[in-house]
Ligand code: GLC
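Just one chain follows, in the form predicted on its own, and it is written as structure tokens.
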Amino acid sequence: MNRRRAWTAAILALLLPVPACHGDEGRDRAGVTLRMLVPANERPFWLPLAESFSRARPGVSLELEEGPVPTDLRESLTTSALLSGDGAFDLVYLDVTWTPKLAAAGWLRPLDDDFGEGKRAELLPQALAAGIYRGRLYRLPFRTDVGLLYYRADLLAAAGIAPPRTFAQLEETARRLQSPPDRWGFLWQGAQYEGLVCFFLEVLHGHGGFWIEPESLRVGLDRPEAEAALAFLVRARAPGGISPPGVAAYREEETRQLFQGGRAVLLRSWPYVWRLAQREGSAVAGRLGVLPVPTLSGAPGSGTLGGWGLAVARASRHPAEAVAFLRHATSLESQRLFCAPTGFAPARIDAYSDPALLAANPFLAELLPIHASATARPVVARYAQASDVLQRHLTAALAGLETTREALAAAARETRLVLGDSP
């Protein structure tokens, strides 16, 4: 934690403007400059969009500040910048789970008057809803994510096995087709971070359970459905299970690289994997299938909603221009500019039938109906604290330090304490 604070302080010192009595006047005479923090690995893909915005709005430019790639570091940096209140950033590029925290603190500008029903109807409903806090819109979705189950279609076809739609079928398929350590049955994100929460929620929903009900703040972690869901994860990585012991340290890229190298039968991950797995040199190119995440019954599961969106900082000196950028960024042309080269899933509904985007990523046609059943994480202001509680106890159960019942009872108790006086 101390290291994270040091990182944030160091980067913030480089990004925040040095106060000067005439600095803003000089900048305004030369035109308007909007500032936004983006991860370093995405900045090259943002540049064409920034340039197209400047062409469309002469005299207005977008300055892209390069930030750390890890989401938690960028969240700390964004929070520190907004807390300063000096307008360091006009635009906020934010994860789907940040909206309640930033909106509750009063750091985001409401967008209800700027984006009416017509504009909202152009965007994926689930992704749009994730930007609403206490009935007000604060965030527009820009690129989206949803949890998926990838499978080796060639291996299943050769064995005469139908793609798994239940947890029991998943375990049976994985066990039958794996040959560890060269090829494991099932890969997932088991490290102590937000990705573990995302996967656990999919398994929890598939067992008929829930984590937190946002309206009532009711916690469902100490119910039988949650215990059955966690037991599935523990069983998967136990000795003789269907997942490698190291899965408890894996994040997205470790699992993708193993799967793409032909080292697994099944993978839980996000849409970006499909495009990378089709590249030349991939051991699984042309051999993939994709399904919604499983359930107990076999009905299509509900993948966790992910993705990134855009908001306007309340302290921005140029709110009208910032709102104009949000309109520009969520246009179909801008979605093409950003999503075609990256493989990220767009936020606009019509993008999923757009010829240019489908040519770059044919998988979009399959993804739209899966998006329709995506489930957002609880919209609560203290989401980060609740997630940290859940991560710690899931990790303890996976490591064998707590039983499933002990882990979930403790997580439920601590979550209720976190939410007890939540605004």
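The term rigid core refers to the maximal set of C-alpha atoms that superpose within 1.5 Å between the two forms. Every value quoted in this text rests on a predicted model; they were computed, and no experiment measured them. Numbers follow the displayed sequence, beginning with 1.
One more form of this protein should be noted, the form predicted together with the named molecule, which is absent from this view; the next part is about it.
Interface residue among 35, 377, 393, 382 relative to the named molecule in the predicted bound form, by the heavy atom within 4.5 Å criterion: 377.
96 is the sole member of 96, 149, 103, 82 with a non-hydrogen atom within 4.5 Å of the named molecule in the predicted bound form.
The stretch that touches the named molecule in the predicted bound form, counting heavy atoms within 4.5 Å, is 299-307, out of 241-249, 299-307, 149-157, 226-234. Though the partner is left out of this view, residue 338 does not reach within 4.5 Å of the named molecule in the predicted bound form, counting heavy atoms only. Proximity of residue 198 to the named molecule in the predicted bound form: non-hydrogen atoms within 4.5 Å are present.
Although the partner is absent from this view, residue 71 contacts the named molecule in the predicted bound form, with a non-hydrogen atom inside 4.5 angstroms. Using a 4.5 angstroms limit between non-hydrogen atoms, residue 321 is distant from the named molecule in the predicted bound form. Comparing the forms between the shown form and the other one on their rigid core, the Cα displacement of residue 73 reaches 2 Å or more.
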